[in-house]
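Next up: just one chain, as structure tokens, the form predicted on its own.
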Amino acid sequence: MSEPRAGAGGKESLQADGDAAEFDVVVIGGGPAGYATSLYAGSAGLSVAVVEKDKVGGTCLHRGCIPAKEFLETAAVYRTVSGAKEFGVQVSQPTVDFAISQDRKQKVVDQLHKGLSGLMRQRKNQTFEGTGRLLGGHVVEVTATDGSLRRIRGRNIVLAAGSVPRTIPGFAVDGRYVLTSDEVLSLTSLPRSAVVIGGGAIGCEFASMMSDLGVRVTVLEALPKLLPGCDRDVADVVARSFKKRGITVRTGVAVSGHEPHESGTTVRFGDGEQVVVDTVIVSVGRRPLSEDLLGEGTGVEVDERGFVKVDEWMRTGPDGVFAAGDLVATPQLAHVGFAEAIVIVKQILSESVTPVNYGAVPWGIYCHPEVAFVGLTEEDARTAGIDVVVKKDPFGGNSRAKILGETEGMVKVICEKRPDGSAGRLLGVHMVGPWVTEQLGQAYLSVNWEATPEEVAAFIQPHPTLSETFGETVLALTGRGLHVG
């Protein structure tokens, strides 16, 4: 592992490009990786400029994580009210006014945007509205919406331009029949039926939300199972839940196109199969927004997929030029962008820093039931030739889950097998069930600290809580469980 170079955060004068303003750090992109860089650098007293063509907060805040979870919460409230009679609460069958849900979503987004903008001002970050393009010599050209140009210069440059939804041939996005996540999150009413192309995290979240709110949903996934990359046992729980709720899931099928007509559109897939729906949602991942980002002579390289090439320290190659977030080929998660930003700023400050361990970052998927995991899946561990000890504990035995009426799911812990056959250090923890995205913290720490079951089991779990299931599973791995054999 090569050591990071000292940062270029000194106050030495740069060769000026005319009267271009100079900053310690210039960030292109105001999404999670970009604004985290600016906030962290600003808190250390560095002068920071952020170039953003839309609004700070990026896709995550305005067209991604936050709006999607707001609508998933609408679905959760709807489920709760629909099942209220089980708890003795007598209510009529609820209905959904999605326009009101959209208004509430926007209020949440606007409040968070206002707070973020204020925080950036407090850190004395300067924002330039427009599209940023890196030129040679650490110069960034900013094109404003009116077409005017200006140039600024940074002792350090951070490329964080983000990503946009991927599209597929035969499904041109028109905002009526074919939508991406951008269009879905702006809807004021829901379709009666929808095909979701892609059974990954985003596709499953949309499918779950829409189905709960009364939309007839079909999920088409080209790979053999839902949620590629998830542990198979976890993905199977989600697949069974979807089937029980009336969501049609077809895996191992490719789509070939669609034909709009008065009653919707006919989607063709598989071996001559088709389904008629009102709407098609293309959810096949996101691509880096690297086109037109780099001018001549920057020395920054882009791979064949459009990702900016970086090393483990987020360095692009030229001194003082870094990249982070969805622009690089690392997990496209906001919190990973935060971590990468800290790695970059610490180098600029010449502080001790450790690269991000991408094999042990926390993942959360907010469909119903929720999914959360960290570390190796059982299949990945065995494929790598690691002997493992595996323990699974269903939420069906958890008292808090029974109280909530949410017993679907489980906790699965994967440990390295010791020579004596007992369970050694934790390699992976995979959860599916009620509020598991809020329970992953202790599992994340356990895996990243390479803790053993004995070490983790020594900590008391409060009762009754959902988190007891993780504690019980780990305790059982010591060979002496309480409620888990």
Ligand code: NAI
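One-based numbering along the sequence shown. What you see is a predicted model, and the numbers here were worked out from it, not measured in a lab.
The same protein also has a form predicted in complex with the named molecule, omitted here; what follows describes it.
In the predicted bound form, Gln332 approaches the named molecule with a heavy atom inside 4.5 Å.
Among residues of the shown chain, Ile168 is one whose heavy atoms approach the named molecule to within 4.5 Å in the predicted bound form. For Gly83, no non-hydrogen atom is located within 4.5 Å of the named molecule in the predicted bound form, even though that partner is not displayed. Though the partner is left out of this view, Asp231 does not reach within 4.5 Å of the named molecule in the predicted bound form, counting heavy atoms only. For the marked spot (Ala339, Ile414 and Tyr444), a heavy atom within 4.5 Å of the named molecule in the predicted bound form is absent from each of the three residues. Between the named molecule and the residues Val388, Met410, Ala201, Val310, the one pair within 4.5 Å by heavy atoms in the predicted bound form involves Ala201. Checking Val300, Leu190, Ile365, Ile152 for any heavy atom within 4.5 Å of the named molecule in the predicted bound form turns up a single hit: Ile365. Contact annotation: the named molecule lies within 4.5 Å of heavy atoms from the stretch 221 to 229 in the predicted bound form, the single such stretch among 85 to 93, 378 to 386, 104 to 112, 221 to 229. Of all the residues from 269 to 289, those having a non-hydrogen atom no more than 4.5 Å from the named molecule in the predicted bound form are Ser283, Val284, Gly285, Arg286.
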